[in-house]
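Okay, here we've got a single chain as structure tokens, the form predicted alone, with questions on binding and movement later.
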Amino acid sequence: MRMDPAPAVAVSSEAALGPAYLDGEFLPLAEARVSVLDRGFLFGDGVYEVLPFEQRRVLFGAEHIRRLERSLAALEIQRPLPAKDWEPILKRLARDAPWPGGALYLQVTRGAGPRLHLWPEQMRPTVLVMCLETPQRDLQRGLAVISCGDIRWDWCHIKAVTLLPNVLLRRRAARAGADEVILTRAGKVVEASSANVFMVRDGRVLTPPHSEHMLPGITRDLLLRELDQAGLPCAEQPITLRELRAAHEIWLTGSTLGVAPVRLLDGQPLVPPETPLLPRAQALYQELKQRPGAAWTADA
């Protein structure tokens, strides 16, 4: 069985691109310019975050900035701003975005300099934040996914901009009529190309444990905590592809995806139990987003 991949979101006009922030200046995204000597362009030498916003509320900003700073430290990129200075930038962009909900793409590269593998000791990072319109998905219908061996590098716990393997993997999924690809190493599930993986078997929720081969997802970690606090049996443990294929439920989680069900794995439909856990998990995540402190609210 095939499912046509969801169409890309069309941008109807330049104005729909929305505002951006580049190296200390707010400006229309269409006017943003970066040097061709920037190491992000030449080497993919940078890190990024994608922060969702809903009703102009930037969700889980503190968690995303903490992960950004871990990625910067891991790649020895100079910290461009104190952690507290990101909040007003992101709030302003969410306020001025063409849509009340979407995502903020934040990228920090090592900066511009000579095209040498060994970078100079003192470099000024390039900082870009822009608004993204997120695609609308029919999450009630569920996602079709395929499985594939992981072809990415060994430091996937760093949210680096070097995403060519992810791009090629997603293209492979699209050619198979699927929405996503679940990656495996030595027969064990790692994550999807842009999401984390959960499975439910006999009423127990499982997800692969943190490792250098997977990104510690913000949504993944928050959902796992909420499930545990709600008293639902859950654990982080290795999952084989065979076990995933025998699951009663499979979910993908991500900052712009939320908690999404999988309906097809490698062309085989999943038959959910009479009382699936997905609605409970989705409700817990929605409740979490409304709690005080969960969001940075854009100034009027």
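In this text, residue numbers run from 1 along the sequence as written. Please read these numbers as outputs of a predicted model, since none were measured by experiment.
Below, we turn to the form predicted together with ligand PDD, even though it does not appear here.
Pick from 48 to 56, 228 to 236, 261 to 269, 29 to 37: which stretch has a heavy atom within 4.5 Å of ligand PDD in the predicted complex?
Selected range: 48 to 56.
Go through 107, 134, 147, 194 and name the one with a heavy atom inside 4.5 Å of ligand PDD in the predicted complex.
It is 194 that has a heavy atom within 4.5 Å of the partner.
How about residue 130 - does it come within 4.5 Å of ligand PDD in the predicted complex, if we only consider non-hydrogen atoms?
Flag for residue 130 set to no.
Whether residue 111 contacts ligand PDD in the predicted complex should be assessed with a 4.5 Å heavy atom distance threshold; does it?
Looking in the predicted complex, residue contacts with ligand PDD do not include residue 111, since no heavy atom lies within 4.5 Å.
Is the gap between residue 219 and ligand PDD in the predicted complex 4.5 Å or less for some heavy atom pair?
Taking the distances in the predicted complex, the answer for residue 219 is yes, it comes within 4.5 Å of ligand PDD.
With the partner left out here, check for me: in the predicted complex, does some heavy atom of residue 159 sit within 4.5 Å of ligand PDD?
Yes, residue 159 sits close enough to ligand PDD in the predicted complex that at least one of its heavy atoms falls within 4.5 Å.
So in the predicted complex, are 67, 152 and 255 all sitting within 4.5 Å of ligand PDD, heavy atoms only?
The answer is yes; 67, 152 and 255 each reach ligand PDD.
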